[in-house]
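The chain below stands alone and is given as structure tokens, in the form predicted on its own.
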Amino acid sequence: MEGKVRIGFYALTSCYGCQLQLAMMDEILQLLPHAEIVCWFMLERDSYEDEPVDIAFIEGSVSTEEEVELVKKIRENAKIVVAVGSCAVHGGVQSWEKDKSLEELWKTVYGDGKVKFEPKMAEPVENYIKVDYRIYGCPPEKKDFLYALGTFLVGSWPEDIDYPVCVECRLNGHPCILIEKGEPCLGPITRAGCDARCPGFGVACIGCRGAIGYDVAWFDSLAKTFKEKGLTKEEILQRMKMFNAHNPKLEEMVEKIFQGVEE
């Protein structure tokens, strides 16, 4: 890219943890001579969402009708759109109970409370606009953001990660949470890049980076293992849907394991 690169950071519905992760990166300061931060409300209240940018980083899930219009506007104004974090890429934990109605979920959380915006079921950004690249995690790893941004700035394109957390877990020599401790670890189906941080502390992976892409996330094989360890179908679905609620193959693959089985 020639000249100063125009960058925008946009927030939808989320805990803002992804933006906080980015804001705490000292490396952002090194970027300033080469880039113009056009929009980033966390750091600049006078930001403009309507300005054209070279790279748009979007975090959060699309959870209101206003956000549907916002992401469409961002897409029109951006050369490259990057979904940042589990909410933007997968819909986030707010998609966990997507099988229930919005009215039921709203009543459970807010009772009879009213808001000034029009809510909707939480969805990934890609359900509404074309996304060019994804940065995974809840929140994303700093190195993933720097890798993607640096690659864009030199006019190239970052590679996607296509292997599971188990690879990094084995490389680090951690005890297997699933086999050796018998806990429902989602490492076998979860996209790597976190250096197997949770298993390294003896905690089972909950899949916050989402399932591996390219149709190689074998929910059925892992569900069979979980079933052999005594988990019910509902317990397996609840765990796998935490960060994969919008995966079109998850439920079908898990259901296959329990066909003809009475719980």
Partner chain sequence: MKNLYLPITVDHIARVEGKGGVEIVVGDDGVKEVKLNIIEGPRFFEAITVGKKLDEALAVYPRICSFCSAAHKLTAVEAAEKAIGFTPREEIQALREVLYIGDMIESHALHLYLLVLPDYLGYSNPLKMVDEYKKEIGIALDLKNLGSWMMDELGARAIHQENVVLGGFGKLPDKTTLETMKKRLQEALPKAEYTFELFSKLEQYEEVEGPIIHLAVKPRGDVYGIYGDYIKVSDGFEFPVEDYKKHIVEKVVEHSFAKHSFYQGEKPFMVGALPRLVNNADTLYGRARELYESHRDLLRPTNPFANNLAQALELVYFTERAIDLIDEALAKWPVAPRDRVEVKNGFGVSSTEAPRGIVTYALEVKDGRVAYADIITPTAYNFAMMEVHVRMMAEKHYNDDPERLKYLTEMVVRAYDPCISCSVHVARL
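Predicted model, so just to flag it, every value in this text is computed and none were measured. Numbering follows the first chain given and starts at 1.
Separately, the form predicted together with its partner chain exists; it is not shown, and the next lines address it.
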Taking Val154, Gly173 and Asn244 as the candidate spot, are all three within 4.5 angstroms of its partner chain in the predicted bound form by heavy atoms?
-> no
Out of 160 to 168, 124 to 132, 177 to 185, 72 to 80, where are the residues with a heavy atom within 4.5 Å of its partner chain in the predicted bound form?
-> 177 to 185
Check whether Thr64 has any heavy atom within 4.5 Å of a heavy atom of its partner chain in the predicted bound form, and answer yes or no.
-> yes
Its partner chain contact in the predicted bound form: Val89, any heavy atom under 4.5 Å | no
According to a 4.5 angstroms non-hydrogen atom cut-off, is Leu102 in contact with its partner chain in the predicted bound form?
-> yes
Counting only non-hydrogen atoms and a 4.5 angstroms cut-off, does Val93 reach its partner chain in the predicted bound form?
-> yes
Of the residues spanning 131 to 153, the ones with some heavy atom within 4.5 Å of its partner chain in the predicted bound form are Cys138, Pro139, Glu141
